[in-house]
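What follows is a single chain, given as structure tokens, in the form predicted on its own.
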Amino acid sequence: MAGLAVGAVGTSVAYYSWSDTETKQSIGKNMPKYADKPTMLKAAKEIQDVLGEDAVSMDADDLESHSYSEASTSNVSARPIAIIMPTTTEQVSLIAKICTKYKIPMIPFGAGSSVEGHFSTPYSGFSIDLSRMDKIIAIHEEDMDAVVQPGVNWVNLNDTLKSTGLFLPLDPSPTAHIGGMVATNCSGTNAMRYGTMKDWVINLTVVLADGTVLKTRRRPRKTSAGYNLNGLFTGSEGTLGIITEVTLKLAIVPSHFGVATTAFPSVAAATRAATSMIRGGVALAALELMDDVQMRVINQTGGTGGKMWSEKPTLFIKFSGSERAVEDSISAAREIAHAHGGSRFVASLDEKTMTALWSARKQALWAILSVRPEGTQIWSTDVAVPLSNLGDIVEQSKTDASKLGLFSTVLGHVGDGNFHQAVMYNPDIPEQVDGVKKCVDTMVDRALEMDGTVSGEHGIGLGKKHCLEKELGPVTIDVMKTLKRSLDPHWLLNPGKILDA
């Protein structure tokens, strides 16, 4: 880690600059005045003197990796002045007090897997990297809960829990940290059966902008004592407080699992089959869709699990429960798939084969990134609609994207009406930028017309801030702003995200 020298900063750091005019326009014009660069450097040195030299970095590569993502279009050219790496709640509180004193923006950082610009730094400031807060503090087997710091990786947590027969049943990106999962109310492929992160939070320890430390509630699984503060901070995307400790509900690992895949002649046929499985009462743990383009990309990158795939829209299905329940569910899913034109229905109860079958779904994003031509970006975003509208919006969105003449693909958590669309474009060609923006705006507007949401799981961040008022309306937005001002009057926590001052 690079040491600090007041007045010196890496040459790659941009300050109060934006990547393009459109991004600049999306950031609030009435934001508070923040500290200048010399003041931020002074504060960074003050923090370093208390936390130690290794707790602060101004390395150019660190600054870049903490404010830019190639998986996101919602990037800005500004970079943080420093990366701060606390290890305790007390240290986070101290950092917040110093930042409040000097009016320095604080941008909480987890695993950096956001695609909507959650950890971008449009006003510079400090990136608060919580990855060193990675302790599993307690596991209460009898109570089926665990207490963890925000930097715990969910895969590592589940590995630790294996001997207990318990697990955290969500399935986001394998890189995801618990703190980021709470801050974005993440979900993943298991959301159909197990819900989203909000359903697994018992209590939180949160540091407010001024350094105040609060606990949202105690450890029972249910309470009627006061406001639902868990619900307030879960999904707040780092704009209301910095999460420093989480108590999580855990679930019992099912005794048996199964996985199946089946291809369809069209996306419409696949979504109709998916809806029929849900309405038919098939006991599903996950139900995912990858379109023909996505399957072609998987093959283009060498296939997965030792096999090449049919380049047709494909459903990926998980089952869990007793052995008999899994077998009956597979049989019912096969019958429904065939009734909707499904072919190549392959199912397995064997762990190795299940992993191979599901591997294409898990590698989808990385496959897209690997075929991205140099100089292009991926515009990846999501919406969610009531199940009865899913087939229509997916088909219409694919049709709109195909007219652009660009690479586009659809991937969906069809079990809960949520789908993602990714389009590759060259940011230096205005026609492509305008075309993709229009395509995405049309998809968002169509979702709202169907009584859907502008984001099923990606969150709002910087990228979809302009869509939020369309969904919620000015009255609700004003209530959110009032809440933000009450907890963060100087607008220091993740400014420019979700709301403007």
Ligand SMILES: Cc1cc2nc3c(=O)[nH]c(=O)nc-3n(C[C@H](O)[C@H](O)[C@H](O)COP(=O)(O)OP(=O)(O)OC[C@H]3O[C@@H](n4cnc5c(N)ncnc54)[C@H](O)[C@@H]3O)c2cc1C
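This structure is a prediction, so every number in the text was calculated from the model and none was measured. Note that residue numbering begins at 1 and tracks the sequence as displayed.
Keep in mind that the form predicted together with the named molecule is not shown, yet the notes after this line are about it.
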**OP:** Answer with yes or no whether residue 238 is in contact with the named molecule in the predicted bound form, where contact means some heavy atom within 4.5 Å.
**Re:** yes
Original post:
Do residue 271 and the named molecule share at least one heavy atom pair within 4.5 Å in the predicted bound form?
Top reply: no
Original post:
Do residue 412 and the named molecule come within 4.5 Å of each other in the predicted bound form, heavy atoms counted?
Top reply: no
Subject >> residue 176, heavy atom within 4.5 angstroms of the named molecule in the predicted bound form >> reply: yes
Original post:
Quick one: of 169, 188, 341, 391, which gets a non-hydrogen atom within 4.5 angstroms of the named molecule in the predicted bound form?
Top reply: 188
Original post:
Ok, 148, 259, 401, 130: which has a heavy atom sitting within 4.5 Å of the named molecule in the predicted bound form?
Top reply: 130
Original post:
Thinking of the named molecule in the predicted bound form, which stretch from 156-164, 358-366, 318-326, 220-228 has heavy atoms inside 4.5 Å of it?
Top reply: 358-366
Original post:
Considering only 115-135, what residues come within 4.5 Å of the named molecule in the predicted bound form, judged by heavy atoms?
Top reply: 115, 118, 119, 130
